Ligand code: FRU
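Below you'll find only one chain, the form predicted alone, shown as structure tokens.
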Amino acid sequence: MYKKIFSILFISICLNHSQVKAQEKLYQEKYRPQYHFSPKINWTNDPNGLVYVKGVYHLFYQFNPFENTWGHMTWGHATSKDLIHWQHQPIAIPELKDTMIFSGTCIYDQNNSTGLGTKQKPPMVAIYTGHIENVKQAQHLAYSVDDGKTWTKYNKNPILDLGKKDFRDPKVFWFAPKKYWVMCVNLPLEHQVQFYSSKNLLEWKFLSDFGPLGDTTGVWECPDLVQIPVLNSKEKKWLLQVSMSEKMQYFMGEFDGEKFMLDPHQNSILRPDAGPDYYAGISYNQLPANHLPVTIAWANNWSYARKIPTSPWKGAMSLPRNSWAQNINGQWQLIQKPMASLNSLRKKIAFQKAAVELKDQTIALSAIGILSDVYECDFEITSTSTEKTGISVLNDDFRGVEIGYEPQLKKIFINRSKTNASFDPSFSDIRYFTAPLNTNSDKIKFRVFVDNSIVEVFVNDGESVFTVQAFPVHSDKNIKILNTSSPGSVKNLQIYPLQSIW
């Protein structure tokens, strides 16, 4: 008897010890981002319900609580005081029977317009797409009266139902001039964004629709409408973004509370990110008046998202970005910069050099005290160079991710064609990405964030942005200088190791 009890206790202690050890190893896995948000375990995709409430940034996200692949969509939840360091919270809104919890928005109903809280305890309100596989999508509501800790599904769901199989991803915000809430929501197959209004978040009136315009090669998803400042001006513009299967596009114009009016000079398809791994980007609701707009996206691509070689998690979020509008060559365009608070992750500068003139020079990170692929690398390129110039990061036997300037095309490029694609052939098919050079300066500024398997590149203070994944088999922890036969073409190179947020 005593032996049996001892055996049970011993097994229990061993299991608990194993669980603690497993917990200790989380965020130390190969390829795990160290300063991009990712859930502890399992699948994630779109960010949802980005809202600022009582000094706290809330991040909800599409999450599978059961396994490391898509399915059983539920809202995961994390919170932050600075948009850099995150605290995991319990699951917010779980799948119920046959209804998955698809993407949506969250707002703080401070005046209790729904009547679902009280004046003393106004509710946080989540509006999301209830998805019944191959049957119907409609807009549902859930609410919380304890600052997002626990959630109750509205007992009269759905709140907006067109009886359609594809009708999803509501973004809701307060439009002060009209004193009502506005919802933008997608008709994916029709390539349209519809706009609705409501006084109480429960009953919705159709206002207008926008589209089809621009890129209609994929279904439209995850609309986001936000007002952003014009760079170096007191003027503001409205930014409308949508996602299409593997990429995003945006439109710049005006919104009068009823309809979105595209700027008449927008004559081309505009992308918020020129890379392959930036999707479903949405902006934060209810930021303080002096706060710059903030957007977060899913740093992945539906073509290979299920196959990327990561475990026990799959999927991460982009860095938070601030947004501005700027008129470039007669057309309003989006300017994006990483949040300044990311600088707080910098350790003491590890490398600084005015010019790197040697062809194919390799900078060994270990030699300068960086023992991982978690760092920031800033440099400049002379645009008058006659050869393709730049750097290569996340290098291994296959080579790495090349970042630089192609003078013959006058374009910024990212090339990952030489990286490991053994886990999915489609990864190598989506491999070379460019953006036009808009500046007239003879210097091109690069700010590169490397985070084990994610690379984000901001060019010329955010005129162009690229997000790219790569999964080196045997990382050599080196940065390589590309084709610098033109003396001094890579200049002001600085490398900062970055701290983990976990």
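Treat the numbers as computed from the prediction; the structure is a model and nothing was measured. The first residue of the shown sequence is 1; numbering continues from there.
One more form of this protein exists, namely the form predicted in complex with this ligand; it is left out here, but the text below deals with it.
Of the candidates 250, 180, 324, 102, 102 is the one whose heavy atoms come within 4.5 Å of this ligand in the predicted complex; the others do not. The single contact residue among 403, 381, 222, 124, judged by any heavy atom lying within 4.5 Å of this ligand in the predicted complex, is 222. With the partner left out here, this ligand still marks one of 470-478, 43-51, 435-443, 457-465 in the predicted complex; by a 4.5 Å heavy atom cut-off that stretch is 43-51.
Under a 4.5 angstroms non-hydrogen atom cutoff, this ligand in the predicted complex has residue 73 among its neighbouring residues. Contact check for residue 62: a non-hydrogen atom falls within 4.5 Å of this ligand in the predicted complex. Interface residue remark: residue 206 is not counted as part of the site for this ligand in the predicted complex, having no heavy atom within 4.5 Å. Put simply, residue 169 is close to this ligand in the predicted complex: some heavy atom of it is within 4.5 Å. Contact residues in stretch 417-431 (any heavy atom within 4.5 Å of this ligand, taken in the predicted complex) are absent; none meets the cut-off.
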